[in-house]
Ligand SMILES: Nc1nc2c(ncn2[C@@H]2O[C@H](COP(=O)(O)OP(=O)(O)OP(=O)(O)O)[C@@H](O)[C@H]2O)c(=O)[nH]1
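Before any questions on how it binds or moves, here is one chain, the form predicted alone, in structure tokens.
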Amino acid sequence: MSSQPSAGASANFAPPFRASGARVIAIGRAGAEIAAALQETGTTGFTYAVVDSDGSAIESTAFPEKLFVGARLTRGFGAGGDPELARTAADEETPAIRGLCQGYPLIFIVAGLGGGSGTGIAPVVARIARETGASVFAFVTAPFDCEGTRRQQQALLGLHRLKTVADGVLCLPNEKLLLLSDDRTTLVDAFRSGREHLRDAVLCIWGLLTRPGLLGVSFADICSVLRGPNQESAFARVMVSGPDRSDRAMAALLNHPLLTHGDTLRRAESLLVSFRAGHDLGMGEIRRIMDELTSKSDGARVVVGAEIRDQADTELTISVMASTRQMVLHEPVENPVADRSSNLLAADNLPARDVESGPARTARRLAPPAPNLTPELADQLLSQSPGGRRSGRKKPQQVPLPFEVVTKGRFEKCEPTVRRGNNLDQPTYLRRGIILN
């Protein structure tokens, strides 16, 4: 467990990001809504672009830079929930996507997984962005359970592809956001909550990379939390002020629904904790909170950052980003590339020191395309998914049905009707091996 922060570790990373800004690439309708929530905060340093395979959806967005992919394949009607179609459409627009990414040292990809555009286009954009020399973080949502098993499975496979090409991925399941709501919560409010949490997560990472802090967090530290074989992430933020604020902040974190009342901390493999307060932030407060968090997440890699605001402010903001390991592959994927953290991250072919050079690098980063998932690998991924169709279920066996047995009567001694090797006297479901419920 590494819970000791390194002061000033990010000093070499913040200025280049702050000077050149970051590109936010929104993919699909869900991504455009997340980007709009980011834009509403008025945060400086971001430029926005939208990529979609649905012509009507992309025209309805207010962002000036738009890229429509799939004019030949989808003819403007979208991918129809087919990630492979959207992926092929994005591959055909590689030069245009490269133009959106060129010149930006940091790129945030925001999208919703499970459908066609977000699931299929996001890995393509991440790969091309890394080839231009950019650092790429993806912030995505997973579908609600009520959206169906197919979307859940597509989201899981799309997340796997995205993790092989991005520097880091934060995936927030929409289903967990229901813990913040009740039966009176509207559908609009539920999706708005998901957008706001991803927005806050992007702003948290942006702040850590661009604002020099008392306890610095480097680009490599953030990658260590957001990369790896985890398929589920959690992000929680609490804001408290007044006396005993550290005790109340810790109580709020341990009871936060998105941290499943502390259970996520116990299962966490990586933990990023960010403090933000005025000049009254005390080392005793940080120690009390970190001692409690590290005791709950024993064995996890812990990264700590602290930012001191210039203005007088008694409010303490604590952001916690946790990654839990739930998806472990036992077979190497196609296009295997060495990685310091996991065989699920396809690292570039540059030396390790170039990876740590962060935004200062300008060399082309050779990120291989996301692997083509074989049926065997897809089955393995889905079988390990909590909501997957194959998780813990055995193949159903046909059992005798309660049909009444009737004799053939006067046809008892007749030869069976056989045509092309098939006994037509047998019921069709038996001849064809059809499972009846």
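Not measured: the values here are computed from a predicted model. Each residue number is its position in the shown sequence, starting from 1.
This protein has a second form, the form predicted together with the named molecule, left out of what is shown; the following refers to that one.
- Contact with the named molecule in the predicted bound form, defined as a heavy atom within 4.5 Å, holds for exactly one of N174, T210, S246, S270, namely N174.
- The partner is absent here; in the predicted bound form, the one residue of G81, G103, G278, G262 having a heavy atom within 4.5 Å of the named molecule is G81.
- Heavy atoms within 4.5 Å of the named molecule in the predicted bound form belong, among the stretches 141 to 149, 281 to 289, 315 to 323, 246 to 254, to residues of 141 to 149.
- G194 belongs to the set of residues with a heavy atom inside 4.5 Å of the named molecule in the predicted bound form.
- P123 falls outside the set of residues with a heavy atom inside 4.5 Å of the named molecule in the predicted bound form.
- Among residues of the shown chain, I58 is not one whose heavy atoms approach the named molecule to within 4.5 Å in the predicted bound form.
- Taking non-hydrogen atoms only, L113 approaches the named molecule to within 4.5 angstroms in the predicted bound form.
- Relative to the named molecule in the predicted bound form, residues A30, D52 and S117 are all within 4.5 Å by at least one heavy atom.
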